[in-house]
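Heads up, the chain shows up twice below as structure tokens, two forms, tagged structure 1 and structure 2.
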Structure 1
């Protein structure tokens, strides 16, 4: 039996799925790797650790589930978290760790650029908001503050480009992932001269641009042998996790949106035009030549609830974070809507959309003597979802949204899904495959192999069987709480900057 493998290089874990040719999951494996925060505002990962983890998990999945069943792997399709930057030397050796999307070290560069005419021009050309998350800003920071590394750098890569280079000995990046760098002109589909000049680099410092369907590269012979794969196995470069999550979400119509919450989160819509926002609050990323994925990302998704569980959860078994989180959610479900007047601003990692404030900090507001741990749990979850709701409000200034699909391990928890329906006051559906990134990778691969004539046809196959209806009474409570949530963000803006300066 033929099969397709998808490899998702997520923020804190690699997720590998195997699909049969009808899109059914026939195998899954996951492996985690850490993010390092050596000083405030720095978020880094070891690229070698990511590669070794990915290789180990892939080999085990193939050895334990795919090869014993005589499945033939036709292709491997990649996706990855956006905005990573890895400097390598001429021999392909990393010059330090990769810098992740959550890194805020370039906030001074970002603020200065955003407030300039050049910043507006770059945003309009690239579709990427000016923020420390942007590889454009990260490279500029290295140029200004790590001159020796900048001087030694032969190329600046994304994590996905590095992994593919290790496997196939090529330096490539797809237009979709490149469109999240702040370096690609999304209208002309080439490296943007103004961005290159600002970063202090030429285009040869970046990988070769290729379409998301690019499948001309092959595994190195040593990995064909190690993994037991044929030389004919295609390596499809794929896309970003966000764009593939959109493809696999079932939200392909103009009045639909999708919410993804894993470690970080985002709300997205898809269309054939770029959404122009004078306040620079959205991203506009390329999926293919015909479609743009627009929306806003949040730094503070499931990673915030995981932080809460580590600090305040109960661990019956050492390191069993998932069981601890499940028990906390059960406890939160016993608390009234709105957490009895307790609010949480979830900005533990600064924030991107819609406030784009790298100095934003976490706040519990409204604590009184009657609040218990269970109130803090529910307020934490509601705060994460309020932040996504604030993204929705900015999107709805440009698009009508009548329904939502959710995906990702956090968003698709039934308790959280119902909260989304109540907060947003819209029907919410969950795909049969809650990991829409992997499903999107399958659909893209199947389209490249002519199983579907195009992505339109592929997207129509996504089934959305479960729908959650909003509770009007709960929404009324959330509407009042959210108004306070929004006011707090505005009122605390100066204090966010002041306390950040103390660090």
Structure 2
């Protein structure tokens, strides 16, 4: 039997899925790698450990599940977290660790650029919000603060480009991942001169741009032998996790949106046009020549609920946060919609869309003497989802959204999914494939192999049966709560800055 393998280079781990040609999962493996924070604001990963981890679990998956069944691997397709930067020298050797999306070292550079006319121009050209996450800002930071590394750098890669280079000996980046660097003009689809000038580099410092379907590369001989794969196994460059999650989400229609909430989260829409926003609130990433994925990211997803569980949950067994969170959800379900007037602003990690304020902080608002722990639990969950709703409100200034699909471990907890339906007042479907990113990678690969005639046809095959209907009464309660939530964010803007200064 033929099969397709997807490799997702995620924030904390690499996840590898094997699919049969109908898109059923026939094998899975994961391997985690650490993130280092040598100083606050820095967030780094070791590219060699990512490579070894990927190779190790890929080899095990192949030798334990794929080869014994005589499955033939037709292709390997990559996806990766966006915004990473890895400097390498002339010999291809990494100069230090890779800098991940969560790194904030460039916050001063980002602040200055964002408020300048050049910043606005670059945002409009590249579609990537001006933010420390952006590789554009990170490279500028290296130029300003790590001159030795900047001088020695032969190329600035993404983690995915490095992994593909190790396997196949080419320096490439797909237009999709490149469109999240702040360096690519998403309209003209070439490296943006203004960005290059700001970052202080020429385009030969960047990998070669290729389409997401690019499949010209072959595994090095040694890896063919090691993995038991042939030279005919295609290496498909693939896309970014965000864009592939959109493709695999089942929301491939103009009036649909998809919400992904894992640790962090995002709300996304697909379209043939870029969403131009004067307030620079959205990202616009290229998926293919015809399609843009637009939306807004939040820092404060499941990670905030996990924080709550760690501080206030019950732990009957050591480190058993899963049971602790389950019990919290059960308790939250006992509280009335709207938590009896208790609100929570979830900005424990500062916030990106829609307020783009790194100084934003968490707030419980409206506490009275009758509120119990269970109210705080429910308010916490509602607050996390209100934040996503606030992204939705800004998206709806540009698009009509009639229904929503959700994926990701937090958003797909049934209790949370129903809350999304009630808060957003829209029907919500949930993906039966829990991993939309890998499903997106499968659809992309299958399209490359002409199993589908194009991505439209591929995306339509994702059927989402399970629908959560909004409850009108609950929605009217949430509407009132949300009005206060929205006002609080605006009013607290100065105080966020003041309190962040004390921390």
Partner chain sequence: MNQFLLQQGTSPELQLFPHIIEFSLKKNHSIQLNSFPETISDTLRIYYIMDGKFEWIIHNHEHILYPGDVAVVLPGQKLGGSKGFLDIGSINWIHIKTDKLDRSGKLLPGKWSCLSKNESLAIGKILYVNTHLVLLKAREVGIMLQELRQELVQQQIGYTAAVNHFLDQLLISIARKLSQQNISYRDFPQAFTKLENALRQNLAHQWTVEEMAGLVGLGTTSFTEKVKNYTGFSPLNYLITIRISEAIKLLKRQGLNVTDIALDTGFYSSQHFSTTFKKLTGYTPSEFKKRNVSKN
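Note that this is a predicted model, so its numbers are computed, not measured. If you superpose the two forms and keep the largest set of C-alpha atoms that fall within 1.5 Å, you have the rigid core. Numbering follows the first chain given and starts at 1.
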| item | value |
| --- | --- |
| Chain form predicted in complex with the partner chain, by structure number | 2 |
| Residue 310 C-alpha shift between the two structures of 2 Å or more, rigid core reference | yes |
| Core-aligned CA displacement of residue 330 at least 2 Å between the two structures | yes |
| Residue 386 C-alpha moves between the two structures by 2 Å or more, core aligned | yes |
| Between the two structures, how far the Cα of residue 420 shifts once the core is aligned, in Å | 2.4 |
